[in-house]
Every structure is written in structure tokens, then in C-alpha cells.
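So this first bit is one chain, no partners, the form predicted alone, shown in C-alpha cells.
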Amino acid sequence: MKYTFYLTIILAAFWLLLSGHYTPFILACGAVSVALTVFLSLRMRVVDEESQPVYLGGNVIGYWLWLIKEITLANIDVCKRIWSPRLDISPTVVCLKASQKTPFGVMVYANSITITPGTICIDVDGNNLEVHALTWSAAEDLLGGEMDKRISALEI
């Protein structure tokens, strides 16, 4: 029931934000569309803690800011290596153990690795991740565990 309430509030707020019109007819259309979407979501049984990770709370904003910084730094590093006259890369594959408690947490970890330039998660088996890194320094950063710790902190 809690997730149904959150879904309704999020959909209504998103609809109001995108609509920009507040006449009675438009608001009624919005209410009907939100109600229909919530009804269909409940019938499909997709309203649960995994589809709406509200337990992440405000910590997720700090993580996004940190991830944006890491993506920017990795972009600069990859661009320097690509434009360098000597191709200074050392492709490597490393195995990481994810410390996340939920499949959602492992998924966030794997996706965070993949969207960071120079690294890509190539296999996930339970909590074991196989990662390809463009350079050994990128692999060492992952082995250091900063990203893993930050994502694990989101799950609390």
C-alpha cells in the first residue's frame, strides 16, 4: 500500500510538472490518467520496493553528485589517452565482489561501473562482477572499493 501511495504521488507531481495547465478539465484528465496508470501497474504486479526504491532517500543525491564527478574525471582521462600520440592503455579484466545486500544494489553498482568511461561490467553472477577496464589505474580505482562503499551506504 505504501508503494501505491508513493507511485500515485510521483506520477501526479510529474504530470503536473509537465502539464503546466491547471484548468478543471485538464486536472481531471490528469487524475484519470494517473489513476489508470496506478491501476494497470497494480494489475501487472510491478508496484514493489524494487520498482520504487524509496528507501534510498536523500543519500542518492549525494551519490549522483559524486558519480557525475567521477564520470567527468574518467571522461577527461579517457580523452587524454585517446588523443595521446602513444596509446597509453593497459586493458585488463578484474573480478569484484559486490557488498550490496539486494539485487537492486548490485544492479546499481554494475550500471555505475558501466556508465563510467573506461570501465564496463561484462558479467554479473550473484555478487561477483567481472569488469573490463581500459587501464590498470581504472581497475585499481574499482578494486579500492570507493564506489562499492558508496552504493552500499545507499541501501541502509
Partner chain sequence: MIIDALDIVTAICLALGCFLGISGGVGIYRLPDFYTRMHATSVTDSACAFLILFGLMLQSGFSLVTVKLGFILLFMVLSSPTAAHALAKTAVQFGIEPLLGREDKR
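Here the structure is a predicted model, which is why all the values come from computation and not from measurement. Residue numbers count along the first chain shown, from 1. Heads up, when I say rigid core I mean the largest set of C-alphas that superpose within 1.5 Å between the two forms.
The following text describes the form predicted together with its partner chain, which does not appear among the structures shown.
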Report summary line: The listed residue (V124, V46, I26, V38) that reaches within 4.5 Å of its partner chain in the predicted bound form by any heavy atom is V124
Query raised in the report: Would A31 count as a contact of its partner chain in the predicted bound form, using a 4.5 angstroms cut-off between non-hydrogen atoms?
Result: no
Query raised in the report: Does its partner chain come within 4.5 Å of any heavy atom of I71 in the predicted bound form?
Result: yes
Query - its partner chain contact in the predicted bound form: L142, any heavy atom under 4.5 Å - result: no
Report task. Evaluate L42 for contact with its partner chain in the predicted bound form, applying a 4.5 angstroms cut-off between non-hydrogen atoms, and reply yes or no. Result -> no
Query raised in the report: From first to last in sequence, which residues of 1 to 34 have any non-hydrogen atom within 4.5 angstroms of its partner chain in the predicted bound form?
Result: F14, L17
Query raised in the report: S19: CA shift of at least 2 Å between the shown form and the other one after core fit?
Result: yes
Query - After fitting the core, I10 CA displacement of 2 Å or more between the shown form and the other one - result: yes
